[in-house]
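Before any questions on how it binds or moves, here is one chain, the form predicted alone, in structure tokens.
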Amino acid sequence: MIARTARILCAMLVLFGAPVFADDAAIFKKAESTYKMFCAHCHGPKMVNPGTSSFDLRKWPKDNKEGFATSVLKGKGDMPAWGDILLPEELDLLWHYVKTRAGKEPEPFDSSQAVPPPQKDTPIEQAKAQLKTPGTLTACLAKNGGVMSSRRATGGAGMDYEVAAALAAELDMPLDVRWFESEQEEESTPIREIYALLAYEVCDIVPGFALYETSLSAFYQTRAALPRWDTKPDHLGMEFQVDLEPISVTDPYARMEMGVVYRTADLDRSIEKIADMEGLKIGVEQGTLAGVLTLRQGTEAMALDAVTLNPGPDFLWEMEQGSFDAALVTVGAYDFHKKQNFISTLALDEYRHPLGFNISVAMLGRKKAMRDVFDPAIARMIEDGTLQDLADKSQYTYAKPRQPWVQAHLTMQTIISMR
């Protein structure tokens, strides 16, 4: 992978005009051979092509080598992507062949060669050099992530989407999203899927990573299946496994919290601990941390009279229909329910359970240069209120992260005592 990163870095140098060759005759000879090998079968010998089945390269603007490199490396229309095949010097040879119109015209003056290439020792340039696609920050986001992330016809929405877009702006480049769908199966968990997406380099970053002690260390020496994403090749079935790698995470940008939700605001009461909900009909999400905390920290009367339901978006709809009066749920679930149903009568109490999880941005451990740029950016966005503004835009009840950044492994003693 170090070699691949070096190739991308070299390609970026080509893109910004770093000269590679000096002898024009030698250049053309190599360029013609390279063109014949990779391009002639589609674009025609010596670039003679009517442009009916493939682009007539004689019409390519001589001053647009950046667009040429992007089309070749990433593909365009029926044009396949050659980024993992071409060497940087081969890309440079092809551009020389195109801009001289197969050697028939003099090489145009390239003013970019008079401009020094970007300094690669700056933190931002080091981060850019680690991107899977030069010039673009790629993020993996769950298409069904509720108030945190959701796909739109153009772009996306949600807190994690907004954070990813803000980090792309920090690098002064566009954001490209790989929308994926989590596979809730026995051998697949959301954390393992994040590790798999990063290890396969589907994307550079995955926002919304919960900082939990076990999630940072338990998976990287194993293998895991990739979830489905929008452009996933057909040959990568669910049986396909990838070797997981160590990951790195940014400082947290928000905190996932749990709060008490009432069926109507009329049921509001002073809550300092879960047991204070006694007297109300309680709902319990089976198999969730909020459900365990409700049963373990509530009173015996609450537990005996509780309504236990499967977790998911239908849980709060059952409360809306009057199945129970109150429940401890993640605040994000409440936000998503209210976003879907603007006439909802549900009300969120000010109480927050002390057990919560900070959330951060995950990336491969060997791409720490990105983290070194993102950490100060996140700290600044917390301080100047940018993250609060992004949360308001996403209709997400924002909570700042708290120390310790990483939640220690949960024990039954923690679940019983932290209240």
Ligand code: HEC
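In case it trips you up, residue 1 is the first one in the sequence shown, and so on. Between two forms, the rigid core is the largest collection of C-alphas that superpose within 1.5 Å. Keep in mind the model is a prediction, meaning the values are calculated, not measured.
If you look for the form predicted together with this ligand, you will not find it shown, but the lines that follow are about it.
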In the model of the complex, does residue 71 have a heavy atom within 4.5 Å of this ligand?
yes
With the partner left out of view, is residue 262 within 4.5 angstroms of this ligand in the model of the complex by any non-hydrogen atom?
no
In the model of the complex, does residue 41 have a heavy atom within 4.5 Å of this ligand?
yes
Taking any heavy atom pair closer than or equal to 4.5 Å as contact, tell me whether residue 390 reaches this ligand in the model of the complex.
no
With the partner omitted here, the residue among 172, 78, 121, 272 that in the model of the complex has a heavy atom within 4.5 Å of this ligand is 78
Quick one: from 200, 324, 336, 82, grab the residue that has a heavy atom within 4.5 Å of this ligand in the model of the complex.
82
Could you tell me which of 366-374, 33-41, 379-387, 353-361 sits within 4.5 Å of this ligand in the model of the complex, going by non-hydrogen atoms?
33-41
For this ligand, considered in the model of the complex: do all three of 53, 57 and 60 come within 4.5 Å of it, counting heavy atoms only?
yes
For the heavy atom contacts within 4.5 Å of this ligand in the model of the complex, list the residues of 87-101 involved, in sequence order.
94
Please state whether residue 39 has a C-alpha shift of 2 Å or more between this form and the one not shown, with the rigid core used for the fit.
yes
Superposing on the rigid core, does the Cα of residue 85 end up 2 Å or more away between this form and the one not shown?
yes
Displaced residue check between this form and the one not shown: residue 388, CA, 2 Å or over, core reference:
no
If the C-alpha spacing of residue 128 and residue 81 moves by 3 Å or more in the model of the complex, is that a move closer or farther apart?
closer
If the CA atoms of residue 69 and residue 164 move by 3 Å or more in the model of the complex, do they move toward each other or away, so closer or farther than here?
farther
